[in-house]
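What follows is a single chain, given as structure tokens, in the form predicted on its own.
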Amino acid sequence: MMKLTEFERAMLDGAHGAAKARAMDLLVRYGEALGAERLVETGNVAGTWSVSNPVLRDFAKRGMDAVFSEFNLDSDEIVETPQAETLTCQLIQGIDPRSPEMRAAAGDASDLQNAGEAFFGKRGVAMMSTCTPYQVGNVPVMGEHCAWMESSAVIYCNGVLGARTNTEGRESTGAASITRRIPYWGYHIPENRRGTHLIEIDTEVDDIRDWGLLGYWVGDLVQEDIPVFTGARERPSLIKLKHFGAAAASSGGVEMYHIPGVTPEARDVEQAFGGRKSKATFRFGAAERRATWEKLNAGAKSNDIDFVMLGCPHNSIDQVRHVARLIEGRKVSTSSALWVFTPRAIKDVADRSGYTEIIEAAGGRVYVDTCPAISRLMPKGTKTVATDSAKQAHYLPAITGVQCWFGGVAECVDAAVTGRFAGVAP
């Protein structure tokens, strides 16, 4: 039986309203199923309140309170949606509401998304609409208890920021947003954040392609365990760690890692393991890097590229600038398309900085709030894709049935211009 504080018991008993009672009921059931002994207070929630998914349309016709009750509280009873009690942000959504062509392709899903955004925004959900909330202002501090969804966001939160979260769902984040509570289990507990495997890097790991390959390799290797890395020849940037984490969370279930001297909970290898011995030691060399590249690209047969997708996880302003520099003065092939995805807040900066204009002058597009894996929207007739994202290369073929090439940013931009992927194995 989970131990509740007096205040938590009062919420469960309905003293603070029907919605909080339903939320506490969900959290208690959830926590007891996990074996959690108690709840922990959280001041940071990143989840989804979007209603553009076709599954939610019938509920949306009954009102947004019905959507919130069923899909954010797991409640058969429709309760009035209260204000969020803590910092709460919307993660990635279904479509780009600023794009006329996406709105047209999505049909009534566009109107549903806009209605949901207006409704939940007025109730305290910050409409950041990105898988990278840490890029647009939601940056929890080390040790802070969070309730986050989205695999690439979770591993960044735990590994890079040193905040504490498990991979939550729509229901648990919805309940956490109005109660400030989440079950105390998993990565909220300090001893569960210690390293399990030692990974020795024994080759050049330089650009985001290399860090994506390293992440994809280690995720497949350790699955849900916690790797500790040594041997990196240079300090990785936040962008490289973003791509690394997204890849590791895609091929396995990695939610936490340590790079001694880089990530905040690992001053050295000893601290990373917390006194425990490594279960095993593995080496990532040139052979492992090449084999991982070949594995990611195994399903791609044609070098003719219909679509180049950049921005999974969503691009930072530095990445948008880099794409603009690579494409400036060139033209996207009439047989291909170039789409760049970024948070709406970053696109505003890209617009003012002239980067969007450069990309669009070349025939590319800059979209916000979504990505092809979420929206299922790609240029008509797309059969073969090129991307700089190991995560997108992992998911797109399974989700949409396309062939997919994984390569560096410059290789992908060249593919958009020539209509051919000419990337080579590292």
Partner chain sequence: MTLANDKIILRGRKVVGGVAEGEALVTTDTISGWGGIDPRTGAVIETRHELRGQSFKDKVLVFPGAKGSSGWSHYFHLARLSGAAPKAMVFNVMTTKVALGAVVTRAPAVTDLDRDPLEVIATGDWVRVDGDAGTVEIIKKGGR
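It should be emphasised that the depicted structure is a prediction, and the values quoted were computed from it without experimental measurement. Numbering follows the first chain given and starts at 1.
What follows is about the form predicted together with its partner chain, which we do not show.
S.K.: Give me the residue from G261, G285, G274, G253 that has a heavy atom within 4.5 Å of its partner chain in the predicted complex.
M.R.: Of the listed residues, the single hit is G253.
S.K.: Going by heavy atom distances of 4.5 angstroms or less, which of Y156, Y355, Y257, Y216 would be at the interface with its partner chain in the predicted complex?
M.R.: Contact with its partner chain in the predicted complex is made by Y216 alone.
S.K.: Have a look at 237 to 245, 193 to 201, 122 to 130, 223 to 231 and name the one stretch with heavy atoms inside 4.5 Å of its partner chain in the predicted complex.
M.R.: Stretch 223 to 231 is the one.
S.K.: Decide whether A60 counts as a contact residue for its partner chain in the predicted complex under a heavy atom distance cut-off of 4.5 Å.
M.R.: No.
S.K.: Although its partner chain is absent from this view, report whether F307 comes within 4.5 Å of it in the predicted complex, heavy atoms only.
M.R.: So F307 does not count as contacting its partner chain.
S.K.: Taking any heavy atom pair closer than or equal to 4.5 Å as contact, tell me whether L338 reaches its partner chain in the predicted complex.
M.R.: Taking the distances in the predicted complex, the answer for L338 is no, it never comes within 4.5 Å of its partner chain.
S.K.: Even though the partner isn't displayed, in the predicted complex is Y367 close enough to its partner chain, meaning a heavy atom within 4.5 Å?
M.R.: No, Y367 is distant from the partner.
S.K.: Given a 4.5 Å distance limit between heavy atoms, list every residue of 376 to 407 close to its partner chain in the predicted complex, or none if there are none.
M.R.: Result: R376, H394, Y395, P397, A398, I399.
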